[in-house]
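Next up: a single chain in structure tokens, the form predicted on its own.
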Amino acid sequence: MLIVGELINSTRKAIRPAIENRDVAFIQNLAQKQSNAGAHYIDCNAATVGIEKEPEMLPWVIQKVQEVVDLPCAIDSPNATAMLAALEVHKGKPMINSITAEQEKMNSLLPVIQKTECKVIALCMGDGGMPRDVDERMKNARILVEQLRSAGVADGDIYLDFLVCPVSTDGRYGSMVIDTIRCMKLEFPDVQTVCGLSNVSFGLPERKWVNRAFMVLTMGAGLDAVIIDPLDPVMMALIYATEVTLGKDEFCMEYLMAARCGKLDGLR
């Protein structure tokens, strides 16, 4: 399971002022904590500082993160100018977060993707807006896979995100994502799946329990990557345990290592 640490995101209350004030210690501390907790990528988002400032601030965030952690970043921006500026300073193989099947975003981001060896998160949303069902998500997925393949992106570097909606507004939304993951794995077995899962619990009390349950269910359906808060020890312990039970942890090595390092204590 590939884990993208979600915490350095300017939509979060404490992050935007930290970016605007160039609070190096705050940003670097958060990056180190996520790395130590088991993240493989650090998501970096500076979008809320504004369109004019983002091309300057996003590269700054990435540079400060990579000064203290030996990890690649998920460069999280809809702004092609900011994305290009960030790619110029990034070290290692980045993850571009994200493109959609909307024509305008395709036109602006595909040329960027063609120039870069990268992983790509692709949101299964088209010009019709938020997809209503499994069929519409799969229709958008097919467009994205075709376009990204044409841009030279290998199937293993494509991460389809099927757009989690709150179950508090419609109880079918969670199972809809799970069903879509299963359908995608049948049609595109080498394409990856990713989920920003915390939206599933929006509007509910004690949200972490819903997030954790949804995490296990999506992994069982074939989820390959997740954008989460890696500082939730119970969530991380469940990921290790679920990988073992699904046969995705050869000789249980990751689980055993996590146990030795005290990373399974969250279940006690």
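Residue numbers here begin at 1 and follow the sequence given. If you're wondering where the values come from, they're calculated on a predicted model, not measured in any experiment.
The form predicted in complex with a small molecule is left out here; the points below concern that form.
This chain appears without its partner; in the predicted complex, the one residue of 13, 22, 260, 248 with a heavy atom within 4.5 Å of the small molecule is 13. Interface residue among 39, 227, 46, 62, judged by heavy atoms within 4.5 Å of the small molecule in the predicted complex: 227. When the small molecule is considered in the predicted complex, residue 121 lines it closely, a heavy atom lying within 4.5 Å.
Within 4.5 Å of any heavy atom of the small molecule in the predicted complex lies no heavy atom of residue 100. In the predicted complex, the small molecule lies within 4.5 Å of some heavy atom of residue 196. Under a 4.5 angstroms non-hydrogen atom cutoff, the small molecule in the predicted complex has residue 202 among its neighbouring residues. Of the candidate stretches 217-225, 230-238, 202-210, 49-57, only 202-210 has residues whose heavy atoms lie within 4.5 Å of the small molecule in the predicted complex.
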